[in-house]
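Next up: just one chain, as structure tokens, the form predicted on its own.
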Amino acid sequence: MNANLYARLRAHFGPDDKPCLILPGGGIWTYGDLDRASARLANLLVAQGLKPGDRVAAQLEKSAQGFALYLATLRAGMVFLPLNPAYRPDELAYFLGDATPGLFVGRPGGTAVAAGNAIPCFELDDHGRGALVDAAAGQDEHFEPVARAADDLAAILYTSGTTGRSKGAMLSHRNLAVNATTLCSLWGFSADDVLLHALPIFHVHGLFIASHCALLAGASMLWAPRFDAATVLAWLPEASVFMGVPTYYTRLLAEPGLDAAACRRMRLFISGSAPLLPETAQRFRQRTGHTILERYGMTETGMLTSNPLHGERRIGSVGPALPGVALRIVAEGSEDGPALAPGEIGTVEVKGENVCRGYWRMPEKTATDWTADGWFRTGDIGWLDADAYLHLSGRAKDLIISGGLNVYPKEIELALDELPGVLESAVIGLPHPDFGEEVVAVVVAEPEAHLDTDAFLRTLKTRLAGYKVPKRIVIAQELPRNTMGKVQKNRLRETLQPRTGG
């Protein structure tokens, strides 16, 4: 049996003339349109000399054509590498050098790094126009999915590392298919659903979790190029499901028109990628009558837990483990368990067919993050209640989640420490009413050095994606440390918290 994920998805597509992607302004891509477009692109990839297993990198804004490229890559048996459009040239150079793609697709003017590394390039603009589409126009509209084994790679998604070096999570056709099938059933997706898709598609949440559920159900998607609260509110009466990050919900709550009438066709609101504040969930329920379903997942694992579709959705909990997912809490620093009892706080470890096979070209990091008996160490801290609902209480890996995007302090600290006059730095996340957390940097000057924080921010904006750049930089005489010399970031948070405004 062919385990190619595209073959599995296509088996559940709606009729050829059924709307799949409904675009702003009334444009429609039917299931037939999507199938034909991905076939043309798959044929183009083969015509470029790419073979099964080769990587296809894409740094694009969201478009129907960009989504078709993802499906074409699966279809041709190749490995998709989505990259955040906010990445700067230095960041992009690392990803391309590490993954060594056979093709790069970027926005106009954004292919210079790839071209400089002798990687063949095509351009695709934010409206789905460009050399990629032009080159594919004459290709055949038929392409049988290339035979793939379940454990063959389907995608590599980079997740920043605490050492500052990004890790490429290797996701197989099995990983993605198992998670998609489970979630489609668990969340009750059907061909009658209309998913309001306002998430980016360079991330697990939008590219896999949202779109796979819709495709497996043969449902339609309202395809918003980006999240805009007013646009989403206008589309809500036509939708039945919405997936978002907590920031989306806080911005929707700022819209006066958000009420039960606007949500009259909605059956499900889902939140993930960052913790949902209980007050946000409660305000949303008061305004709309809907209790947001919160779930928990990671780049390396897809979804791990979810509050139930039918049953109690506990505000403040991310729900029990999904069917097929084993989850345990172990003492922090413990190598092999044993699992802690309900109510005891420790590190979350998981196992299941949804968990990726390791990190691209990083066997030493793979060995560190997986136990000898196959449990993945998430690095998240939490506890299970008596009914096995998971409650997350922190992140051992010091991760900051701002606007639903992962920010690892070490990467920013390395960039800060290279700036003239900086002796050392520490980066923390502080609560923010819109983004969930904001990035704040604390720097210590070298003796007699004068630090210009505004200049630092301007420099960082040229080196880091915008969402990683600190919202502010604080100058300190020294960083608080414990007796072992480790920086006590909890003390920095306590000191700076009262000064954090909305």
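Treat the numbers as computed from the prediction; the structure is a model and nothing was measured. Note that residue numbering begins at 1 and tracks the sequence as displayed.
Another form, the form predicted in complex with a small molecule, is not on view; read the next lines as being about it.
**Q** Test of understanding: in the model of the complex, would residue 227 fall inside 4.5 Å of the small molecule by heavy atoms?
**A** Flag for residue 227 set to yes.
**Q** Spell out, yes or no, whether the shortest heavy atom distance between residue 220 and the small molecule in the model of the complex is within 4.5 Å.
**A** Taking the distances in the model of the complex, the answer for residue 220 is no, it never comes within 4.5 Å of the small molecule.
**Q** Report whether the minimum heavy atom distance between residue 49 and the small molecule in the model of the complex is within 4.5 Å.
**A** No, residue 49 sits far enough from the small molecule in the model of the complex that none of its heavy atoms falls within 4.5 Å.
**Q** Indicate whether residue 405 is a 4.5 Å heavy atom neighbour of the small molecule in the model of the complex.
**A** Residue 405: yes, in contact with the small molecule in the model of the complex.
**Q** Only one of 154, 303, 105, 213 gets a heavy atom within 4.5 Å of the small molecule in the model of the complex. Which one?
**A** Only one listed residue qualifies here, and that residue is 303.
**Q** Report the residue, out of 96, 298, 329, 236, that has at least one non-hydrogen atom within 4.5 angstroms of the small molecule in the model of the complex.
**A** Selected residue: 298.
**Q** Would the small molecule in the model of the complex be within 4.5 angstroms of a non-hydrogen atom of every residue among 200, 204 and 247?
**A** Verified in the model of the complex; spot residues all in contact, yes.
**Q** Based on heavy atom distances of 4.5 Å or less, which listed stretch (239 to 247, 182 to 190, 114 to 122, 320 to 328) is in contact with the small molecule in the model of the complex?
**A** Stretch 239 to 247 is the one.
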